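In the block that follows, a single chain appears as structure tokens, in the form predicted on its own.
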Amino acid sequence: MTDITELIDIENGRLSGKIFYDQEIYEQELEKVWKRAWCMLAHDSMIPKRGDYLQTYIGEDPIMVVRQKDGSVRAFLNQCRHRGMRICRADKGTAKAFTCSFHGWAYDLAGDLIQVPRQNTAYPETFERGDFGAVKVPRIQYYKGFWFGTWDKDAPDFEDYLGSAKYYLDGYIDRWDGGMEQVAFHRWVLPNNWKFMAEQPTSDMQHSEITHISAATVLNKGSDAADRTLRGNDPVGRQFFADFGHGGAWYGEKGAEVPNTGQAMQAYEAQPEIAEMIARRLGDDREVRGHLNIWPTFMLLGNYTIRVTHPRGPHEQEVWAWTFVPKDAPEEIKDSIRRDVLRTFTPAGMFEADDALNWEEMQHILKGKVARETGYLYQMVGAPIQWDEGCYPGGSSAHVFSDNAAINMYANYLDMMTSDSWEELMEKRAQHRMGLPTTPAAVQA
């Protein structure tokens, strides 16, 4: 097993390129990160009716998410207990039961085995179907329209896992009395390590003024695009981070957020009754909506792109991206959001193409042994860390450009990779809380 502690130097802001490249480290990630973290499985609008289902993943494991007859949701491994084939091969649909296309073993909506061909004549009397149901995801939790799951029975409750990130997540998904719905979906594969993309919404706003300058110039001329020139030449903003690796950042100051949504959406939110609704639900200070990542890869971008990424080995990731809209918004507002996302953060989107080129080149360069050992620097820490400053819970820095949230993300990654249980992980996170000595109880708060 690779000693990951020799590859991550949190105190000096240095990472080895090996953590983005080595197969052995990736296998450790599947065990230590993906079998332990809470992962987004579905939104209510994706499985609205009884019997509705979809396929997703936790790490590399295929998962069935199914609306039950009583309206609840169950999730189980999409693998037949007979020979390991998928129980269901369709991406989504509505069903009364699922039958493996290999030998015909059938499962009900909860993943329990209900039929085995030739059971009465070809199997012994001791064979019990109840012993061979699909492997269930043991922990499922609902949060404001979204369903999350984890393989780890000892994981903290999802809201405890969010910690201070709950405040910022609610700013995206809890603004609307009528809730949200997904209106478009794209998925694609990128040839790079999954952590490159996770890091960006967690921390890296600085790349936008270099990587995206050409695209932003073009998009600013669009009739309904966000006016990104409002950020100015010396932009202000804030970056935050939470204990279990979550983080985000946004442009603007309290009461003067620089919006990422299109101009039609901005005008809609400025209507007195809509602004009053948002303030009633979130409070007057909850204007922040820049970029956010809930560790490991539940990402929310300011213009209503919501995505998860699934690892596909150390050199590849699969991106699943949805366009969400306020369910009660007028159709022209929903269409404005859809077109803005289409232009920016889809496979053909300008910002997405910019980012993908960087990550692909970085992964390609890591083929070189010297390049892999050179390492990366995370030393943009000039803005001091503050805790629970003003209306901003958690750790934060009063500068939109900072590496603090990225360092916190990799510190959490290091602690996960070196811990055998959630109890051990929580003790380490309490000891390693950046910028403030604290206790295990504080981490759970």
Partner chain sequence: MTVTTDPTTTDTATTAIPFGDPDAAARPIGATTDKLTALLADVDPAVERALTRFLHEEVQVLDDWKWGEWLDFFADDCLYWAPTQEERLARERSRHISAFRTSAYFEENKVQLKQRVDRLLTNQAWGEEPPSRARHIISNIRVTKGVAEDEYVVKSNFYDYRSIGQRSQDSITGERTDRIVRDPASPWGYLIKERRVLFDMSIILNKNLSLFY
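On a predicted model such as this, the values are computed, not experimentally measured, just so you know. Positions refer to the first chain, counted from 1.
There is another form of the same protein, the form predicted together with its partner chain; it is not shown, and what comes next is about it.
Trainee: Please determine whether each residue of Y53, F185 and P347 possesses a non-hydrogen atom within 4.5 angstroms of its partner chain in the predicted complex.
Mentor: Checking in the predicted complex: Y53, F185 and P347 are all within 4.5 Å of its partner chain.
Trainee: I need the one stretch from 358 to 366, 122 to 130, 239 to 247, 107 to 115 whose residues put non-hydrogen atoms within 4.5 angstroms of its partner chain in the predicted complex.
Mentor: Within 4.5 Å of the partner lies stretch 358 to 366.
Trainee: Can you pick the one in G313, G71, P330, G93 that has a heavy atom within 4.5 Å of its partner chain in the predicted complex?
Mentor: Here the answer is residue option G93.
Trainee: Among D170, D160, E318, E269, which has at least one heavy atom within 4.5 Å of its partner chain in the predicted complex?
Mentor: Selected residue: E318.
Trainee: Might S214 be said to contact its partner chain in the predicted complex, defining contact as any heavy atom within 4.5 Å?
Mentor: Yes, S214 is a contact residue.
Trainee: Considering only heavy atoms, tell me if V370 and its partner chain come within 4.5 Å of each other in the predicted complex.
Mentor: Close contact is absent here: in the predicted complex, V370 is far from its partner chain, nothing within 4.5 Å, heavy atoms only.
Trainee: Although the partner isn't part of this model, could you tell me whether A353 comes within 4.5 Å of its partner chain in the predicted complex, counting any heavy atom of the residue?
Mentor: Close contact exists here: in the predicted complex, A353 approaches its partner chain to within 4.5 Å, heavy atoms only.
Trainee: So in the predicted complex, does D335 come within 4.5 Å of its partner chain, heavy atom to heavy atom?
Mentor: Yes, D335 lies within 4.5 Å of its partner chain in the predicted complex.
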